[in-house]
Each structure stands twice: as C-alpha cells, then as structure tokens.
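Only one chain is shown below, in structure tokens, and it's the form predicted on its own.
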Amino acid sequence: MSKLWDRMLLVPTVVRLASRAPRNPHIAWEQYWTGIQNTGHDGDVLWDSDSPAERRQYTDLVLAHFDPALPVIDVGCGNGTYTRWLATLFPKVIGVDVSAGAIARATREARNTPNCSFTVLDATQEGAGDVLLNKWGPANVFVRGVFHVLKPNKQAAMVENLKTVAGTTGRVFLAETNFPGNSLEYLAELGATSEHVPGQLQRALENLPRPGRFGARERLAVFPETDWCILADGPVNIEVVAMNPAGHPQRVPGYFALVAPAGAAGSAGPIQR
C-alpha cells in the first residue's frame, strides 16, 4: 500500500513537468538536444549509458545477420553513441536523427571516427526511405529506443521507410524498452519520488513525448508476418544512466527483434560470408 501511495503522490509532479513539453515532437526533440551539456554514462541524457554490457547483448546478432558489404543506418541516433559503436564493427555507418542539435553533437563526438557520418532526417516522414535508399543504397538498419516514443501511426510510417531502405538484402535490428508496469511504476523504478526527480529524468519529462512500451505484441502490429520475417527476438536489458547515489547501473526490461522483409535473400537465417 505504501508503494502505491508513493506513486500517487508522484502524480502532481509528473503532470507539472510533462505540461511543459512541446506538443510538436520536432520542436520537443530540438529543444531537448540543444539543452544538453554532457553525454555519456554520467551525463544529462537519460538513455545514453554507453554500456558495454548492453552492447554485448547485440553484438553477435548484428555480426551474424548484417551483411558488411552494406552500410548500417542508425535511426534515431541522438548523439551517436551507438553509431560510433557500430562503426567498430562495420565499414560504413550513418546516423540519422530528427534533431539538428543531436546531429551537430553526434558529429562533434565522432570527429575521430572516420567511417561514420550523420544527417538530419525524420524517419517517420513519407518518402524518408526513398531518401536513404537513393543516397546510400540498400542498408542494414539499427534502431535503439525509438519505437516506444512514437504513436502507432508514426511507428507504421517508419516501418514502411525501413522496408524501403532494407530492400532485399538488408536487415533491421531493434531494441526497445518494454517495462511491464504503468508509467508511474516506471518513473518510480528509475528513482522518481514526490520529493525528487533525477535531473536526467526531469529533463526528459519536461521536453519529450510520453514513452510507452514496445514488445512482441507492439512489434507484430507494425511488422506483420505477411511483410516481415522474424529472424530472432526476445528480452534484453536496456541500460540508462545511473541515477542512484551509489552510481550502480540501472536496467530497464526491454525487447529486441531482428527482422528482414518477407522474401528477402537469405531471410531464413544468418548471412553466408
């Protein structure tokens, strides 16, 4: 009962902070990124833990299924933490994000990583897949933590663009938060109370669209089996920046899926090298 009461006391704080967020998601993301001062595991960005443990969950999957002859596009790259990691595994990586501020920061942080580049693009916009395909050709796609902050219609629009850019040879890997409780339980799990909200969490609440969950059910709704072949999926741990006094890693239950357009070459399993 005490935990429930604590969560109820959190409601006015969440409502107050969330009321400040711009309704236009483009403005929201730009406002968020232009206000960021520091990134990395002890920085201002809630999801930018730069965690080797999280990356290890993905490494074998992308190496087994991403054709290295294709570029990798990191959709919703933010400041490029995962773009730079992917660039240690593949010859050519491109980070795209809706925020010009995010792309400017990603470009600065990747100045010593010559095989990655960045461009501003709304991956949910009609025709974005054609833009990517025309510029870089068929590609593999990596998505971490984007679908769970999009409304269903925007999720579906992005999937159509990913299908275009993947073509018959690319693969799509996604990893998303999939917290089993409600939004108040999620905030409390991250350390929010009625008396204190960690700075990284407060910044997200004040600026960004309200997140949801994205698991197998949500994936099936936008990646229907008539259009996509599911190569692998299951639970993962999504790490966020440490917001507890001890600085211990904080993990959020998540979900991953590795998919290929239906009928794509070799869509039944790993690529043949």
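Please read these numbers as outputs of a predicted model, since none were measured by experiment. Residues carry their position along the shown sequence, with the first being 1.
Just so it is clear, the following notes concern the form predicted in complex with a small molecule, a form of the same protein that is not shown.
- In the predicted complex, every residue of the candidate spot (Trp29, Ser99 and Asp122) has a heavy atom lying within 4.5 Å of the small molecule.
- Of the candidate stretches 108-116, 199-207, 165-173, 138-146, only 138-146 has residues whose heavy atoms lie within 4.5 Å of the small molecule in the predicted complex.
- The shortest heavy atom separation between Gly78 and the small molecule in the predicted complex is within 4.5 Å.
- The closest heavy atom approach of Trp33 to the small molecule in the predicted complex falls within 4.5 Å.
- Although the partner is absent from this view, Tyr82 contacts the small molecule in the predicted complex, with a non-hydrogen atom inside 4.5 angstroms.
- Contact annotation for Leu150: at least one heavy atom lies within 4.5 Å of the small molecule in the predicted complex.
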